[in-house]
Each structure stands twice: as structure tokens, then as C-alpha cells.
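As a starting point, one isolated chain is supplied in C-alpha cells, in the form predicted on its own.
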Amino acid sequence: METAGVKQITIAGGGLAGLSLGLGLRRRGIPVTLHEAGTYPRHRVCGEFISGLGEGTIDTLGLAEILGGVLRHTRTTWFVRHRKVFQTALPEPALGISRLLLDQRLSESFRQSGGTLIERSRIQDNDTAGQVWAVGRQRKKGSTWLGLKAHFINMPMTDGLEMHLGKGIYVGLTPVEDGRVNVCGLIRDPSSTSAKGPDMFLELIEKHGLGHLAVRLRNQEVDPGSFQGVNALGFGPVSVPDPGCRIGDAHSLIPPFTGHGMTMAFQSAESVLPHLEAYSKGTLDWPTAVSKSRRSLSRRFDRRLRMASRLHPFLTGSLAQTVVGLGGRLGCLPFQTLYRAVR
């Protein structure tokens, strides 16, 4: 039910943060127009599992039905180069769902809620009152980080989620729906290659010390249309002169080894929701709503971003991987502690 006299919220970017914020606002009777540069459904570079998403966030944003029936992973296995170093239970189940399916469900639910979704549409980032910026990953000039992903069909797995550490690379494997396994990697300073698509991904995996994984993947069927890549990735908070109201990856990007990027997108939408509702209903002016939104995001994410930024380079170094391998084999790796430190 619309409430008379409320101001409209305009969202730029129809990813997890933008769509879930739109859903949360619509549940409160607020008119929302969302502009998405692409179309649905679409593949995205993403680990495709959700960990640490609380029931309160799910209820606030109306995600229960959207996340219904997804795979629940309870264990993880880590490899350093070719060697399995430890296998353990996750502190809480991780939800496995492809971005293809999740974005489709979110966009359909947003439309059904009465929200206006305009595909193939871009708007200017000019901090207009009532405008929320939720557009894509940040790119960092000079960054040598490359993200790649592809789906492999009916691929045997060890147990739950897998993480493979190599020389300047880590690759995560996540079972999702329809017998697919999402393989998503982050590669530092990738060497040039003439290969294209999934073949390029496999070649880089092999060149960075994960030849055993490359051989395993080459023996599986790959969906060529699922291959996606993004380069010059930057991590941490976005630094711009006047960021306005930014959420999701447009606000900050956590290194993907944490498995927390999708959760942070939803949590960022939840964090700004009460301030945008107050603006829309006339109890806050726009500058105050933006200021309160920024403080809410900072309180929620700054500590985990700092911790993740310290651990991120550690995981791709040879010495650190030796420590991880030895600690895992001796049973003294503080996985549960580190898991919670970035949440």
C-alpha cells in the first residue's frame, strides 16, 4: 500500500544490494524506481554462496521466499597447491545459489512488489536527493587483480565448499543448483595468454600452481555462457570526493576469500533502509539521511574490512601458504576464529 506524500527513492544498479533495498523499501510502501544497465537473467563474477546472513536481515528485506530451497553447505575443505591441508565444519551453513537464479528471483519479486525496474538504463551519479548508488564493483587504477568464474556441470566435490590456494591465486568451488559447481578465482598479475573464455581461466589456474585443479576441471563439462571476468579490482571502502548514498560494492568490496561479499550486499541495504524510509516519509532531510547511512555502514563494516585487508595478501604468499598447510595438518589452524573475525 502506497502512502500519500512520500518521496520516491531512485536506485542505480540492480545487483543484490540495489534489488534487496528496493524490496525493503516497497515493503514499507515507498515508491522505488530502479535503473539497471544490463538485463536479467545474467551471470556475474561471484563466489555464489551466502554465509552469515542473519534471520533479521532476511525478514527485514523480505528474502525468505527468494532463498527458499537453495543448497545448504555445512563443511569446507582447503587445499594448498596439490595438497589437502584441512577439512572442517562451517560455523553456520552457507547457502549455495547462482547469481543467475538469485538476481532473477530478486528482480521478479521487486516487480511483483510494485517497484519500477528499468533495464538497459544508466543514470548519472550526481548525489541527487533520493538517489542511491548501488552500481557494480569498484575498479582501481593500477590493480593487477583479475576475477574469473565459470560453471562446471555435475562435477564431483570433496565435501561442501572448496578453497584452493596457489601462487598469487585462490579459487573457490561452490555447488549451486541444477548439478552445477561455480568455480570462481581471484588472480594477481595474470600472465598474458592467447586462450579465451573458460580455456583462459584453466590456463591461468595451471600457470599459478594449481595444475591438479586445472586437470580436474578439464575433465568436466563447462557451460561456456557462464564464463565471466572482471579486472583491475580494488578492495576496501570506495574513496570519492562526495560519495552520496552508496551501498553494496559501490560502498566497499571485501576480498572474496571471506565468502562474505553477497552477505554484505544484503546487510548494506538493511543498514541504510531506516534512514531512507525516514527521508521518504519526511522525518529526515536528504543530507542527514545520507550522513546517518554512512555512519551505519561504517559501524557495520569497517572492522571486518580492516581484518580482511590484512589477511588477503597473506593467503597468496608462498610462506603464508606453507604456514596454513602446516597449521592445517597439525590441527592448530584457528579457522573458526578467523571465520568470525571477518563477519
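Residue numbers here begin at 1 and follow the sequence given. Because the structure is a prediction, the values reported are computed rather than measured.
Heads up, the form predicted together with a small molecule isn't pictured, but that's what we're talking about next.
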(message) Among the candidate stretches 22 to 30, 46 to 54, 61 to 69, 276 to 284, which one is within 4.5 Å of the small molecule in the model of the complex when only heavy atoms are counted?
(response) 46 to 54
(request) May I ask you to check whether Gly160 falls inside a 4.5 Å heavy atom distance of the small molecule in the model of the complex? (result) no
(message) With a cut-off of 4.5 Å between heavy atoms, is Gly147 one of the residues that contacts the small molecule in the model of the complex?
(response) yes
(message) With a cut-off of 4.5 Å between heavy atoms, is His260 one of the residues that contacts the small molecule in the model of the complex?
(response) yes
(request) Classify Gly136 as contacting or not contacting the small molecule in the model of the complex by the rule of any non-hydrogen atom within 4.5 angstroms, answering yes or no. (result) yes
(request) Work out which of His35, Arg304, His312, Lys292 lies within 4.5 Å of the small molecule in the model of the complex, going by heavy atoms. (result) His35
(message) Using a 4.5 Å heavy atom cut-off, which residue among Gly130, Gly244, Pro256, Pro175 comes into contact with the small molecule in the model of the complex?
(response) Pro256
(request) Please state whether every one of the three residues Leu100, Leu204 and Gln220 places a non-hydrogen atom within 4.5 angstroms of the small molecule in the model of the complex. (result) no
